[in-house]
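Taking the form predicted on its own, here's one chain by itself in structure tokens.
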């Protein structure tokens, strides 16, 4: 059993936090306010191993912390979580810096071109081991990849090899049997762009029950 902090109260945060509790871990969901209604309700619904507090509370509580806030608010939320509370820990960054306009999705200009959100999170928290993953797929599939007819691929990236191996283990526990190490945290540029596929695919399929699978000629 481990202790996890989950930053955020939206669909992604609730899916991840609930799965971590289901796997037998203690989880604290963090938000701006310790009295956040969504976080309080989640903790009440998920039993004695679930709790809630502020961003700083959750960051201090977790041995591993998930960043599940909207990408455009990520650095602000991580600032509230506190660099001291995250120092030396693994931060699983699931955020994407998206802007929605006229039925389309694009990257916030501040996180495109020569940088990306994953890189900026690592720069913001230089003593934290940032691993980017699960930002390329809808929340309904993040902990249920086995529901699909074929195994989708879980892409991940980060600068610390040990942290990536630990996150791969979490992905396996979530049901991901096919994982792919993209390299260092700069590879977040590509998974952040890949995540934008959810808008057109949802528009065509009317469902988020799909995933990407890497197929190569390697044996």
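The model shown is predicted, which means the values in this text are computed figures rather than measured ones. Residue numbers count along the first chain shown, from 1.
The protein also exists as the form predicted in complex with a small molecule; that form is not presented, and the subsequent description refers to it.
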Exercise. Just to confirm, residue 77 within 4.5 Å of the small molecule in the predicted bound form by heavy atoms?
Worked result: yes
Exercise. Does residue 154 reach the small molecule in the predicted bound form if we count a contact as any heavy atom within 4.5 Å?
Worked result: no
Problem set entry | Heavy atom of residue 66 within 4.5 Å of the small molecule in the predicted bound form | no
Problem set entry | Distance check, residue 5 to the small molecule in the predicted bound form, heavy atom within 4.5 Å | no
Problem set entry | 135, 143, 85, 128 - the one with a heavy atom within 4.5 Å of the small molecule in the predicted bound form | 135
Problem set entry | Options 27 to 35, 180 to 188, 44 to 52, 58 to 66; stretch whose heavy atom lies within 4.5 Å of the small molecule in the predicted bound form | 27 to 35
